[in-house]
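Have a look below at one chain only, the form predicted on its own, in structure tokens format.
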Amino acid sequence: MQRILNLACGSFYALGAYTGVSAVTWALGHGLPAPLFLLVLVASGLALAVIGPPVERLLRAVYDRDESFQLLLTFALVLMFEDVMRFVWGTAPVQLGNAYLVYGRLAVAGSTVPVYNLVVIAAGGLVALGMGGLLTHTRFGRIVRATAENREMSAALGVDLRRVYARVFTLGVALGTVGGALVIPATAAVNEMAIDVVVEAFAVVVIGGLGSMRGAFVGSLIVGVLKAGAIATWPEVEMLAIYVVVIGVLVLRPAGLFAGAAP
């Protein structure tokens, strides 16, 4: 909706991951029952949404400027957040150990899958449904869609664009930090994860189409399934498989699969 190339989105994801590790470690050390660590992860991710408004205010300077200014400013934010994370958590990978196995394992199609992985998949589905409901069945969602379609007309009709931008950006930050927090029990937080997520996010946008929530949903499914399938069968082509699809979309439908569709 804000029409900026935000490279810093991966930094929010990484910050959520690191904060989730620290929050759960602290909570478990103070007697929190192990099965409740999931609530701590969600709470820590949501708490980080407070950084959304000040960062959005900083980005206002490049909203209507050339993409090069947007890239420079948001990449500067990436570097700053990386330094903050190195200062607080160091350069070594940080992880929770086997805390996520507290929910046990489940046999699925002949394979054993940690129940926590299924919880994360379900959480992703709920978030997608929640975002769909927010955009289609609430007044705020209609304003967001109208602003994404035509910001000048929305402003002429009395919409406070700055207020809408701040709320949307803060919501995006919260989704990113919660996502990072939820993923961290099954992996390790490393300094490079911010850049890795940005690469995948841009692949999702290219495949789905800029500005389309349906496109983001379908694009994320395509990228996620391709990545998981490649890791399970042929790890060496993990990123290649994603970029083959990206190149195919750019050649056949440069604006994305859902370009021009309703948000």
Partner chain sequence: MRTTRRQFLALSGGALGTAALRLDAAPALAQNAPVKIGVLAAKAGVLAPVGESGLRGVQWATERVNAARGILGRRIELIVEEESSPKDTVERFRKLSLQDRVDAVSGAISTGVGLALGPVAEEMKTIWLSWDATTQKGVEETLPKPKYSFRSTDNECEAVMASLLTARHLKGKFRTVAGINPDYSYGRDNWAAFLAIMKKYGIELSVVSELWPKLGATDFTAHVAALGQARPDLIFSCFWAGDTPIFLKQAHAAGLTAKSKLVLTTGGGVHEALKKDFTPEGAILGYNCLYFDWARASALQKEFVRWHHEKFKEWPNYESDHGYFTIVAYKAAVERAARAAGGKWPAPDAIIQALEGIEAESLSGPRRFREDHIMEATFFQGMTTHKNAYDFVTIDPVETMTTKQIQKPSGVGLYDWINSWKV
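Numbering follows the first chain given and starts at 1. Computed from a prediction, not measured in an experiment: that's the story for all the values here.
If you look for the form predicted in complex with the partner chain, you will not find it shown, but the lines that follow are about it.
Residues 101, 105 and 191 are all found to lie within 4.5 Å of the partner chain in the predicted complex, as judged by heavy atom distances. Shown without its partner, this chain lists 161, 135, 118, 186 as candidates; in the predicted complex, only 186 has a non-hydrogen atom within 4.5 angstroms of the partner chain. Although the partner is absent from this view, residue 50 stays clear of the partner chain in the predicted complex, with no non-hydrogen atom inside 4.5 angstroms. In the predicted complex, the partner chain sits within 4.5 Å of a heavy atom belonging to residue 97.
None of the heavy atoms of residue 54 is located within 4.5 Å of the partner chain in the predicted complex. Proximity of residue 172 to the partner chain in the predicted complex falls outside the 4.5 Å heavy atom cutoff. In plain terms, the part of the chain that comes close to the partner chain in the predicted complex, with a heavy atom within 4.5 Å, is 230-238 out of 42-50, 213-221, 26-34, 230-238. Of the residues in 68-96, those that come within 4.5 Å of the partner chain in the predicted complex through at least one heavy atom are, in sequence order, 82, 86, 91, 92, 93, 95, 96.
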